[in-house]
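First, one chain by itself in structure tokens, the form predicted alone.
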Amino acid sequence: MEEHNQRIIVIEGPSGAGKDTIIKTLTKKYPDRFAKLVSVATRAMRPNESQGNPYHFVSNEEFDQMVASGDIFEYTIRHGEKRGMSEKYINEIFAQNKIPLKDCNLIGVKALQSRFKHVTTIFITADKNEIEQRLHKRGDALSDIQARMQDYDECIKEAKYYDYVIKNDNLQKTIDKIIEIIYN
């Protein structure tokens, strides 16, 4: 049963806005308060990955059993691979008295809101040119950068559906704003 203080924080935005960096920073700086909510995936683990990083890796059969039992309450299938959110992993974070942090799109937000009472949504944005520079700096392929920049305008339109919108032009200020939102 969900307690009043059990809430989930969704951090979303266009690729390159800094949502992964923000989640990593919050979980490293406040390991006793936050944990990243990791999705379940059926794709093969890559050499630089481990169980729980970046996914909880399961077989197709295990995934289907988790869906049938109601544990996985939202999922997508892309290129034949399944990814979804597990209530079990959310409850494990709650059991540690931590707040789950999740990056997910509006479909994921709606699924979380239908399952949990306390979901706070934060949309992270940055100037389009700044995002393009960040994508180049992190070494994304040119074709990926072009595709992500084409997606930028559509993604930004979704900001109006989130509880808060924060422009990430300074990581520490952005972290401070998120902490203020969570604890006020």
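Note that the structure is predicted; figures quoted are calculated from it, not measured. Residue positions are given as counts along the sequence shown, with the first one as 1.
As for the form predicted in complex with ligand ADP, it is not shown, yet the points below apply to it.
- Annotation: in the predicted bound form, residues Pro14, Ala17 and Leu171 each come within 4.5 Å of ligand ADP through at least one heavy atom.
- Residue-level contacts in the predicted bound form: of Arg33, Arg138, Arg115, His118, one residue has a heavy atom within 4.5 Å of ligand ADP, and it is Arg138.
- Taking Glu49, Asp64, Asp151, Glu130 one by one, only a single residue has any non-hydrogen atom within 4.5 Å of ligand ADP in the predicted bound form, and it is Glu130.
- Remark: of stretches 130-138, 155-163, 37-45, 54-62, the one touching ligand ADP in the predicted bound form is 130-138 (heavy atom within 4.5 Å).
- The partner is not shown here, but in the predicted bound form the stretch 21-53 reaches within 4.5 angstroms of ligand ADP through a heavy atom at Thr21 alone.
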